[in-house]
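In structure tokens, one chain follows: the form predicted on its own.
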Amino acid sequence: MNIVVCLKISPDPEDLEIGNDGSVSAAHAEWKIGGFDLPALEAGVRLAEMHGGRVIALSIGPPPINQSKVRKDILSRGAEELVLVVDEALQDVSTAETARVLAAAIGKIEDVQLVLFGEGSADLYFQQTGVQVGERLGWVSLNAVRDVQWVEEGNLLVQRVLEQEIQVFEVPLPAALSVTSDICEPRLASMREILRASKKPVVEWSLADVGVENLSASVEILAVQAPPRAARKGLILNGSVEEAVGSLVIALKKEGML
């Protein structure tokens, strides 16, 4: 059985640059796996370790996703193979088109019984792709999954956390599940796994390879503007702790913050 874990590779938000005019640029940002996807990868690897199976990582996007550092980071965390669908047309595509391409790629991989997603992407966090992929595949599809346990051949016990309740389902395979960040703690790759990662297979497909044509226009991403920088007040509070706290409260009230 193959377990596919879908990962979003995108510019690291910590590397964003803010210009003097407040513009935000990712031109020099390092591309990396989104933090919400790492627990999904770990959950897939744990299921494979406990019950057998093979974990295949899958990502789609423009050419910058295909970097040796990114490939090694993914494969050192337990995935046995990495599949990349790379095309310039995949820059800023909608969640619907993302799901279309992912579903087509999953259909090209043999014996897939389970597909895992993070709760959302690190850049846009729309939380839609996993459910849409499941619908396209015609599989059971759930989001907000906090725990996945193997019940028996062909069935999973899934715990789903909503705002006011916890739901428990016995889910038949194949299934597509979007897991929350607290499902498990992602592992840190050992030196042995980092060295082993370079020997694992990486498959690169084009849109034509997965049978996808005529992508709709990419989503227009509105320009992001950083808030104006405020000058520091330089307020120094003297006196005892009680006096300083009182002065701070008065100052915050004057600023309209209390």
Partner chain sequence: MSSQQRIFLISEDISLIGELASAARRLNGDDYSSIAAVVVGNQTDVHQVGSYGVDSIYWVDQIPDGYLFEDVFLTLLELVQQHKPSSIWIGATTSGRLICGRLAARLDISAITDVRSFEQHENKVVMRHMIFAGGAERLERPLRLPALITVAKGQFAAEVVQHANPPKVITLPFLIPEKRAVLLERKDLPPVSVNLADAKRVICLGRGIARQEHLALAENLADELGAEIACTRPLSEGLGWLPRERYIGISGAYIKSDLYIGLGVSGQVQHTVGITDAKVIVAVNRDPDAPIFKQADYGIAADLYEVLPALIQAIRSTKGA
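If you superpose the two forms and keep the largest set of C-alpha atoms that fall within 1.5 Å, you have the rigid core. Residue numbers count along the first chain shown, from 1. Note that this is a predicted model, so its numbers are computed, not measured.
Quick note: we don't show the form predicted in complex with its partner chain, though the next part is all about it.
Enquirer: All three of Phe36, Glu135 and Val161 touching its partner chain in the model of the complex at 4.5 Å, heavy atom to heavy atom?
Expert: The answer is yes; Phe36, Glu135 and Val161 each reach its partner chain.
Enquirer: Contact between Ser68 and its partner chain in the model of the complex at 4.5 Å, heavy atoms?
Expert: So Ser68 does not count as contacting its partner chain.
Enquirer: Quick check on Ser76: any heavy atom within 4.5 Å of its partner chain in the model of the complex?
Expert: Contact with its partner chain, no.
Enquirer: Given that the partner is absent here, does Met1 sit within 4.5 Å of its partner chain in the model of the complex, heavy atoms only?
Expert: No, no contact at 4.5 Å.
Enquirer: Could you confirm whether Gly107 comes within 4.5 Å of its partner chain in the model of the complex, counting heavy atoms only?
Expert: It does not: once its partner chain is placed as it appears in the model of the complex, Gly107 has no heavy atom within 4.5 Å of it.
Enquirer: Taking only heavy atoms into account, state which residues of 94-131 are within 4.5 Å of its partner chain in the model of the complex, ordered by sequence.
Expert: Residues within 4.5 Å: Ser94, Thr95, Ala96, Glu97, Glu119, Ala122, Asp123, Leu124, Tyr125, Phe126, Gln127, Gln128, Val131.
Enquirer: On a core-based superposition, does Lys233 travel 2 Å or more at its Cα between the shown form and the other one?
Expert: Yes.
Enquirer: So that I can tell if Gly22 moves, could you say whether its C-alpha shifts by at least 2 Å between the shown form and the other one after the core superposition?
Expert: Yes; that C-alpha moves by at least 2 Å between the shown form and the other one.
Enquirer: Does superposing the core leave Pro11 with a CA shift of 2 Å or more between the shown form and the other one?
Expert: No.
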